[in-house]
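First, one chain by itself in structure tokens, the form predicted on its own.
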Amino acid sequence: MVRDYSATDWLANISVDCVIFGFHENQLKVLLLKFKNTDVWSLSGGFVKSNEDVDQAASRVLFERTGLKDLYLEQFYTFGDVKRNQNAIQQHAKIQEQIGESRIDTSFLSERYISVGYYALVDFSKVNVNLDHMSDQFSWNDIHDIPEMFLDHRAILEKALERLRWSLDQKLLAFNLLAETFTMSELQQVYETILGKKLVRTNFQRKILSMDILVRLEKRFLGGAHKAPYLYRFDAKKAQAYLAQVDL
């Protein structure tokens, strides 16, 4: 389907870009899309309809790409530097030609426009990636292995990662990347991967348990002679009480 973004039901000078993070095989990964018939990669994004809130636009884009609703989604920064559209005319024109939409009037893309950045945290195993009409491939890339990106999308990704690291404890965000039940070791791996450094196991466990935000379940028996680890579940009500206390 060909879309005319210059039509009156779209806002021409504002967009949303979503950094979708997932944790898989002990790596923090980000979902990237490749424009058709090009080697240019981008984040998941889109323009805002004239009859929807910006947050609604981001939620729509997230659902269209992942097939999931009710995920953790946070607006983290607005990208409005004048220089962000440098070379935009050439990039947009090339991509429009490659995907077969060169006849569509996209002159508004050469004007200055603002992008509102969001990041989402997903359970990797539940995501069913849907490509949009401009993409022919997707990839879950390790955050340390990012290809050349469209416009300032790398800067958007780096800013999202910075915000995620800052919010790990302040908002208890790591649990959004885990399955419903997990071991303490798996939780520590998420923290270490996001922070980019090793943590002392005993100190980490003591810190997490002191928050009183987990429910301990049965042990996970793996068939070996070693000690089986306990499974845990994140307790949202306890977490709310903990965060309220911290805010005080």
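The structure presented is a predicted model; accordingly, all values stated were derived computationally and were not measured. Sequential numbering from 1, following the sequence displayed. For clarity, a rigid core is taken as the largest C-alpha set superposing within 1.5 Å between two forms.
Another form exists, predicted in complex with another copy of the chain; not displayed. Remarks below refer to it.
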Checklist outcome for this item: Only one of 202 to 210, 60 to 68, 29 to 37, 176 to 184 has residues with a heavy atom within 4.5 Å of another copy of the chain in the predicted complex, and that stretch is 202 to 210
Checklist entry - At the 4.5 Å heavy atom threshold, is S125 in contact with another copy of the chain in the predicted complex? => result no
Checklist entry - So, in the predicted complex, is R165 in contact with another copy of the chain at a 4.5 angstroms heavy atom limit? => result yes
Checklist entry - How about S139: is it within 4.5 Å of another copy of the chain in the predicted complex, going by heavy atoms? => result no
Next on the checklist: When the contact criterion is heavy atoms within 4.5 Å, does L131 count as touching another copy of the chain in the predicted complex?
Outcome noted: no
Checklist entry - Judged by heavy atom distances of 4.5 Å or less, which residues of 117 to 136 approach another copy of the chain in the predicted complex? => result none
Checklist entry - By the 2 angstroms cut-off, has the C-alpha of Q188 moved between this form and the one not shown once the rigid core is superposed? => result yes
Checklist entry - Core aligned, does the CA of M211 move at least 2 Å between this form and the one not shown? => result yes
Next on the checklist: Given a core-based superposition, decide whether the C-alpha of R201 shifts by 2 Å or more between this form and the one not shown.
Outcome noted: yes
